[in-house]
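The data below hold one chain only, encoded as C-alpha cells and taken in the form predicted on its own.
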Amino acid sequence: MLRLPDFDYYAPSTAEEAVRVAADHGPDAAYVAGGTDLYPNMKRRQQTPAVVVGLSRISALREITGEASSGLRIGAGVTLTRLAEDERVRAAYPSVAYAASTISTPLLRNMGTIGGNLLLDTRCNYYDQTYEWRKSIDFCMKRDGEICWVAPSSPKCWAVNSSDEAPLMVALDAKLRFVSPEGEREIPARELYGADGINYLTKRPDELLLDVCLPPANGWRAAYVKLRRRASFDFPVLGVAARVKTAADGTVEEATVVLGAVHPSPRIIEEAGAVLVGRKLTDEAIREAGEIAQHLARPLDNTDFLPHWRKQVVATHVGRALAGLR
C-alpha cells in the first residue's frame, strides 16, 4: 500500500489567508483542492510538501458568476462535475462542459476541480511510477535524477501536459486570475504553460489561481475531441481543441487549433488555423488543416500507445473537431 508522507495541513477560509500561509512556508508548501493529482503524487514521492494548504473551505473559489454575453467567471474550486452540469456553461460553452465530463471517473470528477485540472502535473511513463520502480531504473530528471528516459540526449524533460481543459482554455483565449502576496494579476491561458515538463507552469509557487474568465460567446464556436485507450477514465493521449468564428455565409474569420497531450504544454498549431481563414469548413479545408497539424505534431514515447501511431491519428481527430463545428 502506498502511504502519504507526513505533512502539516492548514484549512484557511479565505484566499488571502491561504496565500499568507503558503508564503510563510515558501517552497515547502503546496495548495490542494480536490487532491486527485497532488495526493497520488505524494504517495509516489514525486512531490513531498511539508505543508499542505487546503482550499475546500474557501467558498469564493466555488462560485460561477457572469453571463454569456459578457463572459463567465468560473472559480478555480468549482468541481468538474458541477462544471459539466452547470446550465449556463452547457448553454454558452458546451465544449467546456463536455471536456469536463470526459475527465477521469464520476467519483473523481466530484472531487477534482477546474483549477486542479488546469494546473495538472505533467505526466510520463517513466515518472508516474512508484518510488521503488523509479529508483530501480535510476531516477529521471523530473524528480531526483539527471536524465530524460524518453529522450536521453535531451537537455529538457518531455513529460506531457495531460489536462483536458487546458488546450480548450488556450483555444478560447480564456484569462486566468491569480493572487499572491504581491497582489492580483490576470494572464491569458496561453501564457501559463511552459515548454518543459519540469517548468511546465509560468505561475510562481506562492500564486493561487482564483478563477477562469471565459470570453463572451459572441459568434465563435469551439469543440474538444479526446483520444484515450479506455473511454471510462484514462488520461488523454491526444486532445484536440478547435475554435472558429465564421461570417454569415460560413466563411471562417478566425480559427485556432490546439493539440494537447503531445507536448509539455498545449501546442497551438497556428498554420492549421491560418489555412482555414477566408474559407468555408469544407472537407478539403478540414483535411488540409488536419494534415498540417499531423505534420507538426511531435508525440514521443512518454504515454500510452506508440508515438508514430499517435502522430498518424492527429489529422483524423483534428478533422473530427472541425467537422463538429461545421
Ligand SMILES: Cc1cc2nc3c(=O)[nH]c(=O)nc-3n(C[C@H](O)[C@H](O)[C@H](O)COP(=O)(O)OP(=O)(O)OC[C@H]3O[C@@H](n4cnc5c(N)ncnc54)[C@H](O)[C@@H]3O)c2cc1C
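The structure displayed is predicted, hence computed values, not measured ones. Numbers follow the displayed sequence, beginning with 1.
The same protein also exists as the form predicted together with this ligand; that form is not shown, yet it is the one meant from here on.
Exactly one of the stretches 282-290, 267-275, 24-32, 64-72 approaches this ligand in the predicted complex with heavy atoms within 4.5 Å, and it is 24-32. Under a 4.5 angstroms non-hydrogen atom cutoff, this ligand in the predicted complex lacks residue 243 among its neighbouring residues. This ligand is not drawn, but in the predicted complex it has a heavy atom within 4.5 Å of residue 235. Remark: residue 108 counts among the residues lining this ligand in the predicted complex, judged by a heavy atom distance of 4.5 Å or less. In the predicted complex, this ligand lies within 4.5 Å of some heavy atom of residue 55.
With the partner omitted here, the residue from 96, 209, 255, 170 that has a non-hydrogen atom within 4.5 angstroms of this ligand in the predicted complex is 209. A single residue from the set 103, 213, 189, 223 has any heavy atom within 4.5 angstroms of this ligand in the predicted complex; that residue is 103. Taking a 4.5 Å heavy atom cutoff to this ligand in the predicted complex, the contacting residues in 157-186 are 162, 163, 164.
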